[in-house]
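Shown here is one chain on its own, the form predicted alone, set out as structure tokens.
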């Protein structure tokens, strides 16, 4: 029910919408004001065979160019309540005969998608990891290798190539039990195989300490002013020859920033947030300490504040 202007009644009248015919009818004179109208609202009917399934989805997933059939193959599902005799029936036998040759790829892509979701990665990184795995799988040389480590390494390389690097520890935390050493070996193997395929070295992208800074600061709950100061300090630190990994430098800069603020963070918390050992942070702090007056922003810390920093 609603109100609309009726040309016969010459005024606003109450109208009724006939869903079966798609007509809008005046409730007073019966004039059809609009016919065969299209309902553009969402349709929440369920098209499932089983009455207990209330899923309204009636379309398949998007096509996947990495799969032979585009990901549009048909799977005969086992009916609800059916016994184990289904696989021995004619439908079950046909299902087994027509098994999807891309079944392994589909499972691998699902695993990569799950890891990406747990790390909060964007779709472009997930798609890049899928492409890398497909290239390695096409060479038929990865059999017998740790599958979880291989998939995790694909995701690690994809993050590097998309300029959104993650630490090996972060990747390891979602790698279904694969260790850092296994992921490292798998990464070297993938880089070697892709290099053999293209005939040139694989571009991995350069890691900078600033790539991790915002995420590490967020894990520690640092305020915006401290985050901005940490990012500026990390950029200035690249001007000096500090022979430490970017992740270690990022952790050491965060330690300095928090010591100069009212919200001081213990070394243990910084180690947990960054995945860098406490001893490594101390050693990196020792290397940064001689340059601290040059890398710290003047608006964040004065000379007097820097003198209060503990000597390494």
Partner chain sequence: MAADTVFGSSHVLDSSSSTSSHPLSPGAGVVPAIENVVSTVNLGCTLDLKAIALHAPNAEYNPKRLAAVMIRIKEPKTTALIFSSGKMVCTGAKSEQQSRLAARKHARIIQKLGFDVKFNGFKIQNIVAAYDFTFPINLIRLANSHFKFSVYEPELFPGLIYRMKQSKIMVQVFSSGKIAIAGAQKRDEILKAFENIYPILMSFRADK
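Just so we're clear, the structure is a prediction, and the values are computed from it rather than from any experiment. Positions refer to the first chain, counted from 1.
FYI, the form predicted in complex with the partner chain isn't displayed, but the following is about it.
*Asks:* Please determine, with the chain shown alone, which of 152 to 160, 105 to 113, 221 to 229, 131 to 139 has non-hydrogen atoms within 4.5 Å of the partner chain in the predicted complex.
*Replies:* Single hit among the candidates: 152 to 160.
*Asks:* Though the partner chain is not shown, can you say which of 215, 187, 145, 126 has a heavy atom within 4.5 Å of it in the predicted complex?
*Replies:* Partner contact (heavy atom, 4.5 Å) among the options: 187.
*Asks:* Taking the partner chain in the predicted complex as the reference, which of 194, 174, 207, 121 has a non-hydrogen atom within 4.5 Å?
*Replies:* Among 194, 174, 207, 121, a heavy atom within 4.5 Å of the partner chain in the predicted complex occurs only for 207.
*Asks:* Can you work out whether residue 243 and the partner chain are in contact in the predicted complex, taking contact to mean some heavy atom pair no more than 4.5 Å apart?
*Replies:* Residue 243: yes, in contact with the partner chain in the predicted complex.
*Asks:* Heavy atoms within 4.5 Å of the partner chain in the predicted complex: does residue 167 have any?
*Replies:* Result yes; residue 167 sits at the interface with the partner chain in the predicted complex.
*Asks:* Does the partner chain get within 4.5 angstroms of any non-hydrogen atom of residue 247 in the predicted complex?
*Replies:* Yes, contact at 4.5 Å.
*Asks:* Indicate whether the partner chain has at least one heavy atom within 4.5 Å of a heavy atom of residue 236 in the predicted complex.
*Replies:* No - in the predicted complex, heavy atoms of residue 236 and the partner chain never come within 4.5 Å of each other.
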